[in-house]
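Just the one chain here, the form predicted on its own, laid out as structure tokens.
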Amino acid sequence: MIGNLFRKISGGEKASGKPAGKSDPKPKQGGKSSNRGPNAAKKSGGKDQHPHGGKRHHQRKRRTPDAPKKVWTLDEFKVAPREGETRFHDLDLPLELMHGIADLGFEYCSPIQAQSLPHTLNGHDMVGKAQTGTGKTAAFLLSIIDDLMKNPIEGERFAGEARALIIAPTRELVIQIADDAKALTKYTDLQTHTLVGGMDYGKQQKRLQDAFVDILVATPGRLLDFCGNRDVYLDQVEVMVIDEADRMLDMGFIPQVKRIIRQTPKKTHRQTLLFSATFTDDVLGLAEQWTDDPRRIEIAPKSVATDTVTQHVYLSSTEEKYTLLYNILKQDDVESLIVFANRRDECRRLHEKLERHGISAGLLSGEIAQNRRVKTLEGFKTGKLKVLVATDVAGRGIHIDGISHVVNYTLPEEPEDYVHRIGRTGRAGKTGTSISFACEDDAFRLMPIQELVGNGLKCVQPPLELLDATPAMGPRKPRSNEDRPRSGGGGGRGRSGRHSSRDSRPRR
């Protein structure tokens, strides 16, 4: 949710760096800003003719933002200076962008924003280490929006040409980033597009033809599909963001990302921002390949979310796990709960059991069709669903305030995933509870998690009331087609073939 876009900073946490434009300046030139100009596109010979023949797309009028009832000024958004913190007022952001920030009610930068924006607003590349929930999404979105607004395109534009590209590993994360971008660009005429697998290709294609592509947020597989079909062109990208690079590595997306980057301008002619929750040798190697003299920012996780999350580890047998989960759900303080499991088949079985016990539950995993996943997330956000059963891949992009409990039905194989899981609760100033089940199969995963968290997670026997026998289950529900596992992946492979020249593209 948009509440995770920024993070209010309480006293005592200092943000380094001066306001943009006052130190460490790097002019946006030499291609790092716009690659276009008044003469970037050749004019066609006929009024409605494509330069290489055929009817071209008419250039459509850009969307005019809804005009406020009165002219908005910064006088309506007063924020007092605070020692050791950076206000958004201090960054010389466009008025329309400040209006969007004011609507969201945020006043001071989080540490990742305060440290990165003075560099990125001046055109520098950046490699940032930051966990989810630190405000990194706003850190790169603010820089992108500022750049696009201060460097408008002169001359004719072409359908499908992206100005800013954001690549993220999961569909949910793509949709979340796009929602945040739309909230920030509310008072501008910038257009945000999303490309994700599992959604109707034709609808996404039509929108690309109907509106300019200022900010493009996409998963790697679906983006390559559109590039291969010549529906999207990346050789005019001015700013590129690679989010959650470590997760890209884990999911095997790096070969696809490399193919995408080869279609963008060379690194000296674009601005590149790379974010990762961890700085492994592989991540740093990729950063060296893809960025040009980057600034490096590291934000240490704040006691790994333990300040706002109460953590429990219950020793149990494999057979006791579902009984524990059912009885936890029946407790009065459980308002909404996410249960994580490592495998898709395990998530399916859990979801089925919960539904047969009359518990409103949704399922999120890579095999569920995207339109169904969107409906499930919406149902969970609105309270229609009390429980969400998810894998790590699907759960990485869940940013919803108000989740009271997280249950680790199986401990994750990677310790960092434990941090991401429990970080789904205890957000936006609220407290939360995480409960992990540790059976004999989970024992070897526990020690690395304890070392990462650093507070010596204590394993205890579960309270006796959580081991009460569960009632009989209802009959199995027949599966609808949209609930059946899909036989392929969410995104296809990009088709081979090089782009035609820019002059052969449909103009708008």
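What you see is a predicted model, and the numbers here were worked out from it, not measured in a lab. Heads up: residue numbers just count along the shown sequence, starting at 1.
Same protein, other form: the form predicted together with a small molecule, not shown, and the subject of what follows.
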*the small molecule in the model of the complex: within 4.5 Å of a heavy atom of each of 88, 136 and 176?*
yes
*asked:* Against the small molecule in the model of the complex, would residue 131 count as a contact residue? Criterion: heavy atoms within 4.5 Å.
replied: yes
*Is residue 389 close enough to touch the small molecule in the model of the complex, meaning at least one heavy atom pair within 4.5 Å?*
no
*Is there a heavy atom of residue 314 no more than 4.5 Å from a heavy atom of the small molecule in the model of the complex?*
no
*Taking heavy atoms and a 4.5 Å cut-off, does residue 110 contact the small molecule in the model of the complex?*
yes
_Of 72, 322, 106, 77, the one that lies within 4.5 Å of the small molecule in the model of the complex (heavy atoms)_ = 106
*So which stretch, 408-416, 137-145, 288-296, 151-159, is the one near the small molecule in the model of the complex (non-hydrogen atoms, 4.5 Å)?*
137-145
